[in-house]
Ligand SMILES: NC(=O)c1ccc[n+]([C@@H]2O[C@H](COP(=O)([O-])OP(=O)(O)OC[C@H]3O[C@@H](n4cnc5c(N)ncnc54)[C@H](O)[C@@H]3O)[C@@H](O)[C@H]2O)c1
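Read the single chain below, which is given as structure tokens and is the form predicted alone.
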């Protein structure tokens, strides 16, 4: 019960990684306020978690909505101990096939929304002298990839925000970290599903060449968020933690380590 007595806000919580984080936090004793623009799914998810969870509709790009949500949590629970900035959207497309409107929308949700959340919870956390802010970034926040110009830019921005906020808020007792998974909610790939399937070996090798040759599950990502939210991580801030099965460790070539010769 690592989070007993803590109150957490989780954005993008209706499904996927956000829902997994809510479940894990409730299991560990937290009171969770799940937020999302997907109202029906979010309410259903929170209801399944029982009395420790509630739902609030929240568009993370709306600053006034953030103020209302934080005010409501403080009125109901008196404190905010954890914020998980998980809300995010994906766009796959070349620079030539990405409109400025799309680019701005991706950055607005993935990075600006997190900034608004941090700005909203920092005052009450500072007043208590403690808090943990967890930004769910991506493996694409640690290296580039073709076809992900908007998404990658937004997640690198989120990493930069993480570092700057950690330095700015640390002396108020607030820790800020990012989780960088290779995996998460497969539903995000839905609009490109048919096109992705046509990539064949080029796509499958992306995961199969890792030390642990698969994607991270939402619950595996949630466990890292749990650690960062808990007092076990009280000296961890400004960190980017990959949950990528060793993707960034290097290249794996099948059989390469089985060769031998006399030299």
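All of these numbers come straight from a predicted model, not from anything done at the bench. Residue numbers count along the first chain shown, from 1.
This protein has a second form, the form predicted together with this ligand, left out of what is shown; the following refers to that one.
Q: Establish, in the model of the complex, whether 89, 109 and 184 all lie within 4.5 Å of this ligand, using non-hydrogen atoms for the distance.
A: Yes.
Q: Just to confirm the contact call: exactly one of 149-157, 126-134, 74-82, 167-175 touches this ligand in the model of the complex at a 4.5 Å heavy atom cutoff, so which is it?
A: Contact criterion met by 149-157 only.
Q: Have a look at 44, 38, 68, 211 for me and say which one sits with a heavy atom within 4.5 Å of this ligand in the model of the complex.
A: By the 4.5 Å heavy-atom cutoff, the listed residue in contact is 38.
Q: Looking at the partner-bound form in the model of the complex, is residue 15 within 4.5 Å of this ligand by any heavy atom?
A: Yes, residue 15 sits close enough to this ligand in the model of the complex that at least one of its heavy atoms falls within 4.5 Å.
Q: Would residue 105 sit within 4.5 Å of this ligand in the model of the complex, counting heavy atoms only?
A: Yes.
Q: Does any part of residue 222 reach within 4.5 Å of this ligand in the model of the complex? Heavy atoms only, please.
A: Residue 222 lies outside the contact set for this ligand.
Q: Decide whether residue 119 counts as a contact residue for this ligand in the model of the complex under a heavy atom distance cut-off of 4.5 Å.
A: Residue 119 lies outside the contact set for this ligand.
Q: Does anything in 40-69 come within 4.5 Å of this ligand in the model of the complex by heavy atoms, and if so which residues, in order?
A: In sequence order, 58, 59, 60, 61 come within 4.5 Å of the partner.
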